[in-house]
Each structure stands twice: as C-alpha cells, then as structure tokens.
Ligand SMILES: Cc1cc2nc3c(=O)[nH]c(=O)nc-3n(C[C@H](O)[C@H](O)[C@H](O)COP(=O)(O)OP(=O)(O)OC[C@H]3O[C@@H](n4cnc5c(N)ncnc54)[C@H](O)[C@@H]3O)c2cc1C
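First, one chain by itself: the form predicted alone, in structure tokens.
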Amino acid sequence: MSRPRVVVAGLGDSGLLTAIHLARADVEVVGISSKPGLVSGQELGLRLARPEAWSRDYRIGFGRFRRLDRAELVHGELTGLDLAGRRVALGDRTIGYDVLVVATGVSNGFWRRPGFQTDDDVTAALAADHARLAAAGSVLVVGGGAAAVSTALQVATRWPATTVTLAFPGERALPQHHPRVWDVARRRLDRAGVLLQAGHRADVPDGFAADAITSGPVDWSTGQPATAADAVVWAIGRVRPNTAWLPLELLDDAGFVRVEPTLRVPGTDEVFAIGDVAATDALRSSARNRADRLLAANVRAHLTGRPLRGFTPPRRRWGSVLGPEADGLRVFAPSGHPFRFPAWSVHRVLQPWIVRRGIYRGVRSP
C-alpha cells in the first residue's frame, strides 16, 4: 500500500515545523518553498543590526534538518490549487496530494517577501539592509509592534553613535502584549538612548507597501512636526497574506485562509492551514504557539479516521520581543513576566539543546 502524501505549502517557521513532525515512515511529505532554506521572519532587529549572528540561528539550509531527510523538498513558487483534482501548481508542474497544509505566511515589509529567492538573493538582501543602517547617522523606526521595538533597540546598541527614534501611534508600544512587557521594553530602550515618540501615527500614502528602508522626513497624521532621518524602517504591520495562488472560496474577506478550530479549512476534508496565513483569531496566533505539533497530529488523525483536536489561541502575544542583548535573551510569558536566559546559555543551551535538538529534532552543523 502506498503511503499517503502530505504536501506542506510553505516552509517558513510554521510550515517547516509541521513538515518535521509529519516526516516519518508512514507519511510521504513534500515540502514546497520559494526560499532555499529557512529564512525566518523572527528577530528583525538582530537581522538588521547583526546579520551574521542572525543567520547562524534563523537562516538554515533545509538539508541540515535531520527530520527532513525523508521528505521531498521542492524549491519553487506556488501558482495555483486544483481542489477537485487535489493538485498544487508550480508554473507548468503540478504535484498531487492526499492532504494539503497551507503555510505560505504573509508579506510584511522588506524582510518577509513571498517571491522566489536563491541563496545569493537572500545574502544580498541581508547585506544591503545592514549596510543602509550602518551608514545612517539617524534612524527612525515607525511602528509599535515587536518588530519595531526590537529594531530600535538592536540598532541603538549596535551603533551607539546613531540617533535612533521609535515612533508609535498609541500611548505605549506593544499593545498586543501584556502591559508589563512594555514596562520592561521601555526601560531597555531608555537605557540604550532610543528616543520615544508616543502618539505618532505616520501619514502613509495610498498604495505605500512599506517594503523598503526609505529616507525621511516622515509626516504624521496626528499633527506633530515631520521627523527627519537618514533611514526609515517601516514596521507598521501592513501584512498581506500570500494567498494569490488559492481559490477565493477558501479565504476570508481580508484574504487569509479560513480555518476551523482544528485548523482544517471549512468545506474541505483534506486541506489545513497554519501560521500567519491562517485566520485562527485576531492575532493569527497559530504561528507562535506551537500549533504545528497539534496540526501534525490532526493530519494523522484525519488519515486514520480518528477525531481531531482544536487549537485554543492565547489572549495575548508572548515570547521574545527585544531579541538577544548583552546580558542574555528575555522571553516574556503571556502574563508579561520575563524569563532571562543568561548570555552564556543562549548558544550553549538554548539554541543547541532546546531549539535545534528539542524543537527541530536535530540540525546538522553547517
């Protein structure tokens, strides 16, 4: 009897982990990615300020993941889905499936783009963004989420002589986190010399995609004088789901994939979705709460006729916000309380044992 084939469309953070959990002898896994390896959307600040350090932990070739040895990996860009025929299209090529997992993520600024990239493309983009900030005497970070906050802190600590400003629309940044998280983050930003501009909402022109580092000045729709800067990092949360290849009946009004609590797409038996592309809740929190393990279990349950379990989203975002600092890495619980991994433990314990061995189930050295 042939093994059931599960196609995982998208091998970013969520899709990769789902494929790792599924890649066993009883299931044939085909992973499709427009990138040559994992190019994580995490830790934007570290990526911009210290791209070599970021690449060590967040840019990993697929061939290094031991659990993917049994999987077929396809480097290509998805162009269509035939629901009736159970086939995905990559240009002129089609791949059949018994179960499809949609994990194609979102586009968000200049650091998360859906298009096809080679290793050289990724390397060039990392170097260009880093060089742009290294050459700037002043940097303005626009946005109030974790990506903006981490960028402001990491740039300020990497280049202490650079004037770094963080502008956000509310009274505080990190509105989707517990208030305690902002209390900690604000103290770290103050200590790094970051200038905070609360209540500043950028006057963003229609059609502006925020997909490049620009130069100032930036005008504010909230009435403050324009802010000048040599480099402007736009982290304003204008996410766009990477779903142009999917039939409209699978999507909600905003273009995200509709899902039931089990992460199965309504109206289908064999299509599931996970990560930022899946409309699980307002925060699309299956991307950050290890729903990959639950989804893999539900795919197996579907294939064997067993009941599926539901995903319960948390009420607040949690996890790393500021990125690695000189004194270690702070991970915030949903309650807002931080747990700090000392600096020595990040590369001796956290990354090799908890992340690479525990979460990824084994990663070969480069």
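Residue indices: 1-based, along the sequence shown. Just so you know, these numbers come straight off a predicted model, no measurement behind them.
Another form, the form predicted together with the named molecule, is not on view; read the next lines as being about it.
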Worksheet item: Which one, Arg288, Arg132, Arg188, Arg240, lies within 4.5 Å of the named molecule in the model of the complex by heavy atoms?
Response: Arg288
Fill in: Answer range among 188-196, 105-113, 207-215, 148-156 for contact with the named molecule, defined in the model of the complex as heavy atoms within 4.5 Å
105-113
Worksheet entry | 4.5 Å heavy atom contact, Ile32 to the named molecule in the model of the complex | yes
Worksheet item: Any of the heavy atoms of Gly255 lying within 4.5 Å of the named molecule in the model of the complex?
Response: no
Worksheet item: Using 4.5 Å between non-hydrogen atoms, is Ser55 touching the named molecule in the model of the complex?
Response: no
Discussion item. Contact with the named molecule in the model of the complex for Gly76, defined as at least one heavy atom pair within 4.5 Å: yes or no?
Written reply: yes
Worksheet entry | Neighbours of the named molecule in the model of the complex among 2-28 [non-hydrogen atom within 4.5 angstroms] | Gly10, Leu11, Gly12, Asp13, Ser14, Gly15, Leu17
